[in-house]
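Shown here is one chain on its own, the form predicted on its own, set out as structure tokens.
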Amino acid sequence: MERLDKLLCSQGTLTRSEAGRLVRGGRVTVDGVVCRDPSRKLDGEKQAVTVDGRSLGYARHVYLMLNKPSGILCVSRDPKAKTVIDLLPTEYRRRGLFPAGRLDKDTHGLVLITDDGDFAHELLSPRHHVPKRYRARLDRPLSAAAAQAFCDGPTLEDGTKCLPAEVTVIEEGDTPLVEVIIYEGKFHQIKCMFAAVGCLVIWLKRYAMGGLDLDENLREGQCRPLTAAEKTSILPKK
């Protein structure tokens, strides 16, 4: 059970005082009856709430898949630069949204956006070993010794030891395309891992997290809600 004004706030960008004014102004109904009491307790999953005649469409949490373009900050807010939250359509915006697992500003691909802290913790905790799959374009060929270093768990230039990772060359050449799977999420990890074996990453995109692949129909900058099956596929089965 939750206060009506708090429930309204949780479903969008309203402040508690703005929600209270809506309720006291007679613009909110609960189960078809106007309610003017912001403190009324109700269950948003079982009771029908409308605002100005439109259904609130209550959801306890939001889970969105975003195809992040380059040049966008992967944070909740920034006073000077555009963020992944700024890309969301109005109908998906609500208080408390954040990216669950960041990408560098110049990295493309899959970002999950949610307001469910427990879900994000399960996804990002190194002890759960949720795989993240990337493709990277390198500035030089990857040697057999460098590939083996990834399999063994590379040591970064600052001495940090990484978990064993998987690397596969997809396109040979002077600037090869490789696929990388990691099971943790250290700061700039992919770029730092390749730097440790003498390679520079010149392009990077994340394609998958856990069992969830980036929807190929999502253009850069677009997002959509996860299905129940997709949400379940991300985390390892217990």
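Owing to the predicted nature of the structure, the values given are computational and were not obtained by experimental measurement. Start at 1 and count along the sequence shown; that's the residue number.
One more form of this protein should be noted, the form predicted together with uracil (URA), which is absent from this view; the next part is about it.
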Margin query: Can you tell me which of 77-85, 158-166, 104-112, 119-127 lies within 4.5 Å of uracil (URA) in the model of the complex, counting heavy atoms only?
Written below: 104-112
Check: Just to confirm, M65 within 4.5 Å of uracil (URA) in the model of the complex by heavy atoms?
Finding: no
Next item on the list: Give a yes or no for Y134: in the model of the complex, does one of its heavy atoms lie within 4.5 Å of a heavy atom belonging to uracil (URA)?
Entry: yes
Note to self: Please determine whether I190 contacts uracil (URA) in the model of the complex, using a 4.5 Å cut-off between heavy atoms.
What the structure shows: yes
Notebook entry, point to check: Would L204 count as a contact of uracil (URA) in the model of the complex, using a 4.5 angstroms cut-off between non-hydrogen atoms?
Noted result: yes
